[in-house]
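Just one chain follows, in the form predicted alone, and it is written as structure tokens.
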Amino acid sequence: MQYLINGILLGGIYALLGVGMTMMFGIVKLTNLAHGEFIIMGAFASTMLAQWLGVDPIVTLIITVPLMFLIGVLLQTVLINRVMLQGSEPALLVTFGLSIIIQDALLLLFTADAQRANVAYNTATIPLFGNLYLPVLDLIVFAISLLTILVLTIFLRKTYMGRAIRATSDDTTAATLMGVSVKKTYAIAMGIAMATAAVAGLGVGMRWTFYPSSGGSYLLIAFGVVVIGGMGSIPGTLVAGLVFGLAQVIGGAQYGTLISYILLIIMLAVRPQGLFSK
């Protein structure tokens, strides 16, 4: 039971890691190789702001989420939309170049020292029946993850821009004929992906030690979650995150990662479109 609790709570943050990437996969049809670095940017931003302002890292989301949303819109508008006219391969290479630039910039700004957003409830637990317990930090991060996914789902289903994003994902030509600006939609999608990366970075910074070079490992986790859940499926991302989290906890420190990626290989062989993809 404790393994199950820990796996579900871990799966919440794994789902959060994959949400931004599934947005770019499903809508822009772009494999964003800089997604891991965007998450680490969010982790550094939350950690540094919390230290400078003397507040809980969660409060820094008021600043980091809109800031990274704007950065994402600018990146897509000024840079990625232009190279996408030449095909998907140049855009893929641009995101790879961005990942290197961001990683080196973080290294210059913050050195290679380990960082972590320390909070007062870092080791606090809530006792349950028997010997079971709920880690308070993991529970908070899990709640933030669920709230983020819920807000994003409501936005995509209930707002005009959300419907425009889904229409663009289905058929760019038909969406254009209906008056939707595809380039603007792509920019908003990238902004949302960056905003969710800021939230994921908060979770990473609160839960684990991180470095400027940590983006690659989180990119792999996000990629696995997206493939298992189905590209472009927000609910699928949540379920896949829970599957990944349970596999990691059951396998332990030695075999958790191995089991997770064996599941990924099996999924690619049996159902390459993912669990919830059309």
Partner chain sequence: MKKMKSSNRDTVRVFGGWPLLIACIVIVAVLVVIGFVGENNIRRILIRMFLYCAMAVVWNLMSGYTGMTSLGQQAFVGIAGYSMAVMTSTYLASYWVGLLVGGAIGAVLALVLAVILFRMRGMYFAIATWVIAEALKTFFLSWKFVNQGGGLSVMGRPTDRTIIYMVALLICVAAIVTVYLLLNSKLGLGLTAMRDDPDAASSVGVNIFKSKLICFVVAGIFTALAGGWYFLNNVSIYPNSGFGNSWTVAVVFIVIIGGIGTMAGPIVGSVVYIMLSEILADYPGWSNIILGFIAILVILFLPDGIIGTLQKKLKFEILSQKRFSQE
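Just so we're on the same page, rigid core means the largest C-alpha set that superposes within 1.5 Å between forms. Numbering follows the first chain given and starts at 1. Small disclaimer: the values here were computed from a predicted structure and weren't measured.
Just so it is clear, the following notes concern the form predicted together with its partner chain, a form of the same protein that is not shown.
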In the model of the complex, the residue from Ile154, Leu132, Leu93, Leu177 with a non-hydrogen atom within 4.5 Å of its partner chain is Leu93
Quick check for you: of 104 to 112, 143 to 151, 199 to 207, 120 to 128, which stretch puts a non-hydrogen atom within 4.5 Å of its partner chain in the model of the complex? 104 to 112
Should Phe223 be classed as touching its partner chain in the model of the complex when contacts are defined as heavy atoms within 4.5 Å? yes
Contact of Leu139 with its partner chain in the model of the complex (heavy atom, 4.5 Å): no
Whether Met68 contacts its partner chain in the model of the complex should be assessed with a 4.5 Å heavy atom distance threshold; does it? no
Residue contact check: Leu264 to its partner chain in the model of the complex, 4.5 Å heavy atom: yes
At 4.5 angstroms, heavy atoms only, are Ile13, Leu53 and Leu242 all close to its partner chain in the model of the complex? no
Scan 71 to 98 and write down, in order along the chain, each residue with a heavy atom lying within 4.5 Å of its partner chain in the model of the complex. Leu79, Arg82, Val83, Gln86, Glu89, Pro90, Leu92, Leu93, Val94, Phe96, Gly97, Leu98
For a quick test of reading the superposition: does Gly216 move by 2 Å or more at the CA between this form and the one not shown, rigid core aligned? no
Core superposition between this form and the one not shown, C-alpha change of Pro66 at least 2 Å: no
With a threshold of 2 Å on the C-alpha, tell me if Leu9 counts as moved between this form and the one not shown once the core is superposed. no
